[in-house]
Each structure stands twice: as C-alpha cells, then as structure tokens.
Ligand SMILES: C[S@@+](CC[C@H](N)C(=O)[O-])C[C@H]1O[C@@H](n2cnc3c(N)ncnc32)[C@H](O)[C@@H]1O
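Below you'll find only one chain, the form predicted alone, shown as structure tokens.
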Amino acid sequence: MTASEGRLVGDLAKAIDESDFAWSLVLVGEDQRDKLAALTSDLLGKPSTTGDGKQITSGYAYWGIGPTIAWAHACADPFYLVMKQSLDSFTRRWSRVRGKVGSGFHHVSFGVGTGHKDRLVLDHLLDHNPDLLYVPVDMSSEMLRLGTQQATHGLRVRGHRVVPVQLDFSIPENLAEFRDLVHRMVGDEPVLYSLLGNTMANFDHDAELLAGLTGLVRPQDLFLLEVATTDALSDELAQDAVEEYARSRAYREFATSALMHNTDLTITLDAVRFRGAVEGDRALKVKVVYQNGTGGDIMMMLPDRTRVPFPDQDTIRLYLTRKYARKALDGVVGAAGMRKVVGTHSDFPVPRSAQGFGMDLLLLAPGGPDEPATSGSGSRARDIWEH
C-alpha cells in the first residue's frame, strides 16, 4: 500500500469513528448474481410431496430486506416459543461459560441474526480487549446491518473495528478465503468464533458445516456453539417440536417471505406444512414446506422470469431445523475435531409431553489432551485500515 493509499484508508477509518451517522461498511465476498442463479436452480427441483424436491436453502431464507424484517418480527413473537426461550435464557447460559474465555480475544460470529446474543458476548470480550475486532458473517447483507447495529449498540467498540462480511459460510472454498482474511487481520492473537441460535441445525449437511467452521480454529482459538436439544427421541416428541413452530403466525410469515419475494406465487399461510421426524439416533428433524393444495397445477415465475409448473400437491421446502439428542452432542463435537471445554444447558418450560427440550451452549477447543489457550498476548490485531 502506498503512502497516499494509507492516508486515504486512515482518513476513512477516522471519519467512520467520528460520525454520528449509522455508516455500515461491509466486505462483500460473493457475486450476488451467482446467488440468484443458485436460488433459481433450487426452485427447479423435481416434484415431491414431502419437501425433498424444490427448496429454499438456509441462507436464502434471510436473503433480502423482506425476509430480514420478517425474521426480526418472528423473533419478537411471544408465540414463537423456541426463539423466545432461547433469547431469554442466553444471558444465564453465557454467564456460566464466559469465565473460560480470557483476555485478548477477537470475535467472529457466523450468522449474526438479530445481534442480541453477540452484544452480550462483545460486552464481555471488550472488558478484556477494548481494541477487539468484531467480524460478523452472514449471506444476507441486510441481516448483517440489522444484527451488527444491535450487537454494537451502546458498546465501546470503534466503528472501524467492526468488519461485517457478506459470505455464504457453508461453501468450503469461501471458508478457505475467509480463514486467510481473518488470520491476516488478527495475526497470532486468539479468536472466539461463534455459531449461535441453533444455526447449525438449518443445514442439510450440518456435521460437515460444523467441521468446516471449526477448521478455522487454531490452538489459541475457541469456538462457541449453541444448539437446541432434546433428552429423548420419538415420533411423539417430533410432533411436539413441530408445534413450537406451527403455533406462531409470525414464524409462518417469515418462512414464506423468501418465497414471496423471489416468485410470483400468491402466498397463503394455510399452505405452510410442518413435518416432524426422528433423524436416526442424533436428532428430531422438522421440515417446513409450502404445499400446493389447490387441486390443480399453478404456473410459478422464478427470479430469472422463467415460468414453471408448481404441480398439485407438490411442495417447496422453506426451512429445516433440528433438536439434537443431548447424548449425541459429544459425538457431533468430536467428529468436528473439537472437544468441550465447558457447557451449560437450560430446559424450556413447555407442555408435559415435550419435557426435555432445551438449549445447550458449548465452549469448544481443538481436540487433544492439552488445555486450551484462554488468553492472548494483548491487543495487537492488524487493523484492516492499517497501512
């Protein structure tokens, strides 16, 4: 970088820090035309009455301002109990874990969401590293702005130390580039990575996703994982899990929002169906689908303006989630090359038939017999503005 270029980025950093305006600087890691093409391809899947053909994969459920706003509304809905209870209990669960995270840590958050949980994490980390770097990562630029503003509101983090990154972190090639970016920014200083809000459960290949993310972790780093859990697995409990989502109108509006904004279908919330099942010995699985129950075929326009049939009884999978068997968590963590440093669990106050549902928060370190590093050597992370 030349001296003039260095002055330019330094002046930009100063302008962001000193401005009262809500500037949002985002590193865009992907060509959005490619994302639109991938979404179109997913909506061209084969006919299926069970949600195994056409689909909107995880990241696209939040892609765009409409789905982002719908998600924020759903999270505030008291009838969306699984989210309400997750948010309400996070403060308590984090307070039991954070003592194992020492000084000097920076924070990389995968799937920033509404930012409420990141704010609690940052508040603690800033006490031990006032010059930390905060890197929220999401496929949706709109979600990044919403979540980042909430996460940093009222905290002592300088604007140019917040580096939102638009990236689909389920793609291995993206993670390889992102790893190099993060390591260049922080040098040898430790990073607390996080995947909160049961985000892992939204991916078809959830174990592979976790392994990819934990592959970024070096010996001095830690990884914070939050998952929804169940004490037992049964078809009856799978239906109880379904009810947690089905009772919330705001959740149905969120689940259909991406479909409404990317096709010309006239959305009917009554067409949203919830399918619960036991996934082997590891989880309860819930699929949310949109089903054509009109009695005839419908022509549907896709994002590229192609018109295709949406046959009678065909489905489009809108969302996927899970509740993991608590007894299977050690295996899930171990398969990702990690080990549990500390974990905490909160039960949900739910109907008697669904007792055993809850949320687990796990602090992980790279697998092996050695104790994990829980402190850094001070705050000397490379500034993205540094010249």
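Each residue number is its position in the shown sequence, starting from 1. Because the structure is a prediction, the values reported are computed rather than measured.
Here the subject shifts to the form predicted together with the named molecule, a form of this protein not shown in this document.
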*Triplet Gly111, Lys117 and Met139 all within 4.5 Å of the named molecule in the predicted bound form via a heavy atom*: yes
*Does at least one non-hydrogen atom of Phe178 fall within 4.5 angstroms of the named molecule in the predicted bound form?*
no
*Looking in the predicted bound form, any heavy atom of Trp71 within 4.5 Å of the named molecule?*
yes
*Is the gap between Pro164 and the named molecule in the predicted bound form 4.5 Å or less for some heavy atom pair?*
no
*Can you check whether Phe203 is within 4.5 Å of the named molecule in the predicted bound form, heavy atom basis?*
yes
_If the cut-off is 4.5 angstroms on heavy atoms, which of these, Val288, Leu81, Leu196, Leu233, is the one near the named molecule in the predicted bound form?_
Leu196
*Tell me, please, which stretch of 166-174, 244-252, 94-102, 304-312 lies within 4.5 angstroms of the named molecule in the predicted bound form when heavy atoms are compared?*
166-174
_the named molecule in the predicted bound form - contacting residues of 53-76, heavy atom within 4.5 Å_ = Ser58, Gly59, Tyr62, Trp71
